[in-house]
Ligand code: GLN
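Here we start with a single chain on its own, the form predicted on its own, put down as structure tokens.
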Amino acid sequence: MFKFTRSRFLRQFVIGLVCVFMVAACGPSAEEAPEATEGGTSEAAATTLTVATEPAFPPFEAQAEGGGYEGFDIDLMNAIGEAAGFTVEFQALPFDGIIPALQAGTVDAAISAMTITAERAQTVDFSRPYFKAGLAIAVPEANTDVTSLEDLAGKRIAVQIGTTGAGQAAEIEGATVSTFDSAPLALQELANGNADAVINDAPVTLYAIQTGNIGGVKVVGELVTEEFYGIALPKDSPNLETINSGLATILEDGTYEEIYQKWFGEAPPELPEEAPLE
């Protein structure tokens, strides 16, 4: 009788312990329970977006000494993430591989001084414009013949592949167009005397000349086009609204102007909420 009672007691005791441990395992512990942030979102709900960029387009994106990336676009995207509540993980890609990566869904977004165009807008979605730019013509310092696109007929033109500058050069009658993987390579081709001109984004060309990275060249004439850069995302991305919200915040609170002043040394121009598409 005694053995039976003891056995039953031990069995019930063990079952009780198992139940206690199961309840404890299912409930959050003090260490594991997610902490709420000021905005009411738990740390467990934080999002990381993989953002493509081509780090060969200073001052917008470039390799930083010691690793990582630096530039206007890099600072801007990090600021947008901080304002909107997500973290950014940059992924380096060649410029002409960025849109295919967005279409394939291997990256969540892209920031790489990408001009908002009607053609690109057919395959990806864009944020509101974050930068006003335009194409400029660069020629050797000694050149006095070229001041406009019309003067480039029959000339040798170097461009970065997949850019609006490459598209503009392709329309010039009789021009021989050489494409390069990056804007600095195209500008170096000009500096080496192997091209008559480069059509490229004005801020990038001016920065290369100002910093002395490219010598013996100058920018001529007026801007060929007026363009606006946007952050590109896959079509119908749920992250578009979040990125636009973060961008709107930093435009309003002065963060955007601070970043612009850091990289360009002047106050930024007014930006439209939508880019005009031709």
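Residues carry their position along the shown sequence, with the first being 1. This structure is a prediction, so every number in the text was calculated from the model and none was measured.
Beyond the structure shown, there is the form predicted together with glutamine (GLN), which is absent from this document and is the topic of what follows.
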Legend entry - Interface residue in the model of the complex among Tyr207, Phe90, Phe95, Phe86, criterion: non-hydrogen atom within 4.5 angstroms of glutamine (GLN): Phe95
Legend entry - Sole residue of Leu76, Ile137, Ala113, Ala158 within 4.5 Å of glutamine (GLN) in the model of the complex, by heavy atom: Ala113
Inset, instruction - Give a yes or no for Glu227: in the model of the complex, does one of its heavy atoms lie within 4.5 Å of a heavy atom belonging to glutamine (GLN)? - result: yes
Inset, instruction - Mark Thr163 yes when one of its heavy atoms lies within 4.5 Å of a heavy atom of glutamine (GLN) in the model of the complex, and no otherwise. - result: yes
Inset, instruction - Determine whether any heavy atom of Asp108 comes within 4.5 Å of a heavy atom of glutamine (GLN) in the model of the complex, and answer yes or no. - result: no
Inset, instruction - Mark Arg120 yes when one of its heavy atoms lies within 4.5 Å of a heavy atom of glutamine (GLN) in the model of the complex, and no otherwise. - result: yes
Legend entry - Option from 63-71, 207-215, 227-235, 249-257 whose residues, in the model of the complex, bring a heavy atom within 4.5 Å of glutamine (GLN): 227-235
Legend entry - Any residue of 47-68 that, in the model of the complex, places a heavy atom within 4.5 Å of glutamine (GLN): Glu54, Phe57
